[in-house]
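Single chain ahead, by itself, as structure tokens, in the form predicted on its own.
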């Protein structure tokens, strides 16, 4: 195992009615708050009214309409509001896009230049406004990590950034707030959780036993509970386990003692930047094809371990057969929960594949299996038709 320091300053409030702590969480920072949210689902669910009632003694400035694949324009708007009204803290209510956007707003509020600078170069982030969030979607894990991903459609860039000061001060994670999440978003959120776990799990360090078992537990949780949540949207057990799985999937626990490789995310970020597709849908389409493409004698042992530990495929001498069966099961599961499984279904053809391959390949030289531009194009082409092969 590699050396590590595990330090997460986020207070994590999990379970029913944890929102009651909201005023006491925000009050130490001040009483002038930026409230951020997405497309209005928090108003339809009644959560917005609950937040406003709890914060009746606070001054609230609002930034709504934050999009999936959050845009740099929303970040700039939020930064301007923070500076204009001299706000003390940010309250993000929503899913990963709202929280990611709010993290960069928090950093941008303490920066004199353009917020896009902070996305391109995280070393420029030295301070940030305090951030508290109320999570409404099990997916990204952003509620307990330092990272954020922002899109600039003008330059066709979707980039990750992060700094210690961007950790949420506190996250309120009540599974009942995910009861009203539509089936397609529940499925996409599960795929996102699984992808985060895959990106860390598939690497060449075989000594991180605990981290491997944690990762496999997250994957088995997603496979078991997503179909239940789709059939019974208000099943608390299913929603609670999916919510905690999404957090564990990217709060650092599964990566302790080893590096991550982050191949599919790098490729998908370009798909989203060019076509504005749902991030997790792109990951679901890419992941089984990437698995199949990188499967060879150098990777088969870990794929066989995945097959046995996650899919309960009996151990056998034919490790390649085990690996291929597990990859097929991965594809079949993602398809079974209702996700599109070809790029064609989401309106993408091969027009920009070569350009994408050239742009992303420099970021993949240290991947689980290094990929060059031609490799990226081959994987993307495989995503145009149904099936893994």
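On a predicted model such as this, the values are computed, not experimentally measured, just so you know. Positions refer to the first chain, counted from 1.
This protein has a second form, the form predicted together with ligand NZQ, left out of what is shown; the following refers to that one.
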**Asked** Within 4.5 Å of ligand NZQ in the model of the complex: all of 70, 95 and 139, by heavy atom?
**Response** yes
**Item:** Contact residue in the model of the complex, chosen from 285, 90, 75, 148 - any heavy atom within 4.5 Å of ligand NZQ
**Value:** 148
**Asked** Which pick from 119, 181, 307, 267 sits with a heavy atom within 4.5 Å of ligand NZQ in the model of the complex?
**Response** 181
**Request:** Spell out, yes or no, whether the shortest heavy atom distance between residue 66 and ligand NZQ in the model of the complex is within 4.5 Å.
**Result:** yes
**Message:** Residue-level contact is defined here as any heavy atom of the residue lying within 4.5 Å of ligand NZQ in the model of the complex; does residue 39 satisfy this criterion?
**Reply:** yes
**Message:** Using a 4.5 angstroms cut-off on non-hydrogen atoms, would residue 133 count as touching ligand NZQ in the model of the complex?
**Reply:** no
**Message:** Taking any heavy atom pair closer than or equal to 4.5 Å as contact, tell me whether residue 203 reaches ligand NZQ in the model of the complex.
**Reply:** no
**Request:** Go through 79 to 87, 221 to 229, 109 to 117, 172 to 180 and give me the stretch that gets within 4.5 Å of ligand NZQ in the model of the complex, heavy atoms only.
**Result:** 172 to 180
